[in-house]
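In structure tokens, one chain follows: the form predicted on its own.
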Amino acid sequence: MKAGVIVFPGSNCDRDAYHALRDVLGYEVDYLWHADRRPLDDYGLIIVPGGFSYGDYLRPGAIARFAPIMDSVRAYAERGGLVLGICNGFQILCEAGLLPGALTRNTGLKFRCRHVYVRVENAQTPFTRHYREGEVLKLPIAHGDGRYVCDEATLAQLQRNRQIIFRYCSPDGAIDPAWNPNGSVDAIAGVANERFNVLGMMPHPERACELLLGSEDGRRLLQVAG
């Protein structure tokens, strides 16, 4: 499979995603520059990576949403292409209207960088089909603006349509505020669009593809080709 990893000025997880896709999973991978306007039809997966696109000026993702490449991403997603936004990529997808809700400052206003546990809430998506529903994954986070928020109507829709894909949890899968690292509403760690071909998540699966890094629980999420 051929995958594309977008690079914005300020991206710092693009190389991690490239390594996971090419060196761990064996995919053919291209970097896609933020100013590109190329069609993305040749790709089976597009990753919008973490980092600090455009220095997080105004707010995370607010400028990146206007990058020329995002027009191509929107068209690609509308055709059913798979798009994964990780950390800053999640923020960008929300700002661009490809996912509902928004990411705001963590509760306590502190940057959180550590491993967390997330529970798989829906295993019937292209990204989670290699997991079991209720399975607990150990994944790293590194963010200061990871608190997912939305209005009550949007939350009800996400719950009703099973668009909440991951929730922060304890190691044994319990949903408890003590294990929510950023104060996200309903312990949300990742959501999908209504068609489930666009997924945004704050934890980093690309940094959890090898045991050497402390976990390989993220590897199956990137195995969308097989």
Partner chain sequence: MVSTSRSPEVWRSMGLTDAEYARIVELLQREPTDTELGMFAVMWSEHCGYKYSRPVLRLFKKYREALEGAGFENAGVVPLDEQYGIAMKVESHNHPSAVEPHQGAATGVGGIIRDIFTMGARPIAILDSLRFGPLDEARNRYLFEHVVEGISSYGNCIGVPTVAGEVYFHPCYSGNPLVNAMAVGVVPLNRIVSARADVPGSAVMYVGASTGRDGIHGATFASETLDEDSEQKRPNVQIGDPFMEKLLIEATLEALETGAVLGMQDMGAAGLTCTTCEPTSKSGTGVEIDTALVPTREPDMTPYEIMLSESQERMLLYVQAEREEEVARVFRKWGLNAVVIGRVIEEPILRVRHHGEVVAEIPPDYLTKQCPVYYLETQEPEYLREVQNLDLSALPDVESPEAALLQLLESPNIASKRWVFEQYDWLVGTQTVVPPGEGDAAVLRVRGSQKGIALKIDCNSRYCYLHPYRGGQLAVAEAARNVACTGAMPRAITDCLNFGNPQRPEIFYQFEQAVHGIADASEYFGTPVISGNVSFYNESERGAVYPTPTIGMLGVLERAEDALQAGFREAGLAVLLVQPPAWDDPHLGLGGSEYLSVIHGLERGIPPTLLLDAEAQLHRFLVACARQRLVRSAHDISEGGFAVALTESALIGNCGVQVNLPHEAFRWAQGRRDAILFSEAQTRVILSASNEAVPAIQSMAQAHGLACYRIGETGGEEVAIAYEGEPLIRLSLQACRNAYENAIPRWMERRV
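Model, not experiment: these values are computed from the prediction. Numbering follows the first chain given and starts at 1.
One more form of this protein exists, namely the form predicted in complex with its partner chain; it is left out here, but the text below deals with it.
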Tyr131, Gln163 and Phe196 - do all three of these have some heavy atom no more than 4.5 Å from its partner chain in the predicted complex? no
Tell me, which of Gly26, Pro39, Gly55, Pro68 has a heavy atom within 4.5 angstroms of its partner chain in the predicted complex? Gly55
Just to confirm, Arg114 within 4.5 Å of its partner chain in the predicted complex by heavy atoms? yes
Indicate whether Glu210 is a 4.5 Å heavy atom neighbour of its partner chain in the predicted complex. yes
Using the partner position in the predicted complex, report whether Asp217 sits within 4.5 Å of its partner chain, counting heavy atoms only. no
With heavy atoms only and a cut-off of 4.5 Å, decide whether Arg79 touches its partner chain in the predicted complex. no
Which among 71-79, 119-127, 150-158, 105-113 is in contact with its partner chain in the predicted complex, heavy atoms within 4.5 angstroms? 105-113
Need the contact residues for 133-169: heavy atom within 4.5 Å of its partner chain in the predicted complex, sequence order, or none if there are none. Pro140, Ala142
